[in-house]
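A single chain, nothing else alongside it, follows as structure tokens in the form predicted on its own.
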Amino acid sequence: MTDLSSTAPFSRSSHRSEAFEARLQRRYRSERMFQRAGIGAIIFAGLMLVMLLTTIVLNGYTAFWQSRFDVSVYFDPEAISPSGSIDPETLSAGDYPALVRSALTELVPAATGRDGKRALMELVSSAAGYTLRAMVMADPKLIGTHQTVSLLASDNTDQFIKGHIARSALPGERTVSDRQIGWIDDLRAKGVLKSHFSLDVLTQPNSRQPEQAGMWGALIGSIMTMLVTLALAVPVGVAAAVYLEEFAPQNRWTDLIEVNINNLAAVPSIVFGLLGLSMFLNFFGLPRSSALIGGVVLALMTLPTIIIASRAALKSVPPSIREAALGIGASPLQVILHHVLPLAAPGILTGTILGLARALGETAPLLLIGMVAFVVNVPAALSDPSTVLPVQIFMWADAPERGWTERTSAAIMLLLGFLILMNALAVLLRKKFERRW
């Protein structure tokens, strides 16, 4: 009989061969390498994201600083209304650029001759005359008086002050001449030309001139388009998901519908733009370049994503919930409305936000329905011509002037902020539903 007390204690290492130990060490090394590779990939992705955001912010924050001339302007009656009439038509036809020219010439007497005065006027924005006209139209009593007015500087002047146009560059390589640089330095030394914090890039409509361009119209167009998309895609998408998951019979037709929904989720967005162009514009005659048709096209593009995510959320609700509700006498509709949908709401909201986030950043389908048009007026109705932030960014990024670069980056910052706000709202709604159930 074996004496158990004399047996050597059990040792796990005694049952391992050298080959087994070598394989085990290789497996551990592979796991460590995989972990390091994963950590390295996360760090690399984080660095790239930081670099991207830093580049956007550094290029875009200067758009919120605007150079302006604070000059004393004499509202000469001879230039505004030689006849002495103050009716709106006469006041609107006044020679307001002459008032700007006279005010600047008093500050820079060296600007003589036609070429000198033209070079001096290039320092101020073309909107300066319109600013004076708006003041006179609002208050004709200004005629014949001296007023200190803040006039917007031109894009070249503004970019030079911000350092985006190098002073050391050769004259042929920069858009401001040596003479203009001297005038700018002199006016800044006198305190006439200053940089002011400004929200005009957010509150002004679009313009052909970069120093005057704002994104207010595109922001309103994006909000209106997203509201149309939300109003159409969410009810239809959730209702379709509920029917397919809870009520539809399992047959060839439902299988065909499910396959097509999955395929539509992978269709390129420009195909939906072609659909909108051929059906909604050419066949139904809906207004081109409007938030209404843009929202309809984006709703069609978003529907598959919402349906798939909503079905997954409904499928994740335990069957015991349905069985318990049916067991106490609830109807199938009551089971869905009172029990299943509230429990699936967090997942449905997540899918909705993902679909709307994709729609918010889309440009290709909107180009085909005319939302790339230059729109100055802010849309007041769903049928008014409008544009959206991604299309605005696309148009500004293609412009050659340096001022459009900071405008483009500022619009990207606004778009990212808009997207972060939408996701934050989704998180709050998800938490609310989760606490309730």
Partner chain sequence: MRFELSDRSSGDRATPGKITARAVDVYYGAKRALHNITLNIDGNRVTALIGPSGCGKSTFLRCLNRMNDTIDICRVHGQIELDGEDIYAKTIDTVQLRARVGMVFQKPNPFPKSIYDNIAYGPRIHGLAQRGPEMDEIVQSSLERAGLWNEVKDRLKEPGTGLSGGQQQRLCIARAIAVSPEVILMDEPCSALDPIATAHIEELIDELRENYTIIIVTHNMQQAARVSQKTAFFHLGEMVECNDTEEIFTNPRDERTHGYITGRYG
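Here the structure is a predicted model, which means the values were calculated and not measured. Numbering follows the first chain given and starts at 1.
Keep in mind that the form predicted in complex with the partner chain is missing from the display, and what follows is about it.
Enquirer: Is Leu170 one of the residues lying within 4.5 Å of the partner chain in the model of the complex, judged by heavy atom distances?
Expert: Leu170: no contact with the partner chain in the model of the complex.
Enquirer: Indicate whether Arg288 is a 4.5 Å heavy atom neighbour of the partner chain in the model of the complex.
Expert: Contact with the partner chain, no.
Enquirer: Decide whether Ala266 counts as a contact residue for the partner chain in the model of the complex under a heavy atom distance cut-off of 4.5 Å.
Expert: Ala266 lies outside the contact set for the partner chain.
Enquirer: Taking the partner chain as it sits in the model of the complex, is Ile328 in contact with it (heavy atom to heavy atom, 4.5 Å or less)?
Expert: Ile328: contacts the partner chain in the model of the complex.
Enquirer: Check each of Gln209, Gln334, Asn260, Thr148 and return the one that places a heavy atom within 4.5 angstroms of the partner chain in the model of the complex.
Expert: Of the candidates Gln209, Gln334, Asn260, Thr148, Gln334 is the one lying within 4.5 Å of the partner chain in the model of the complex.
Enquirer: Just to confirm, with a 4.5 Å cut-off on non-hydrogen atoms, which of Ala110, Ile223, Ala134, Ile321 contacts the partner chain in the model of the complex?
Expert: That would be Ile321.
Enquirer: 313 to 321, 114 to 122, 135 to 143, 96 to 104: which one contacts the partner chain in the model of the complex at 4.5 Å, heavy atom to heavy atom?
Expert: Flagged stretch: 313 to 321.
Enquirer: In the model of the complex, which residues of 232 to 267 put a heavy atom within 4.5 Å of the partner chain?
Expert: Those in contact are Pro249, Gln250.
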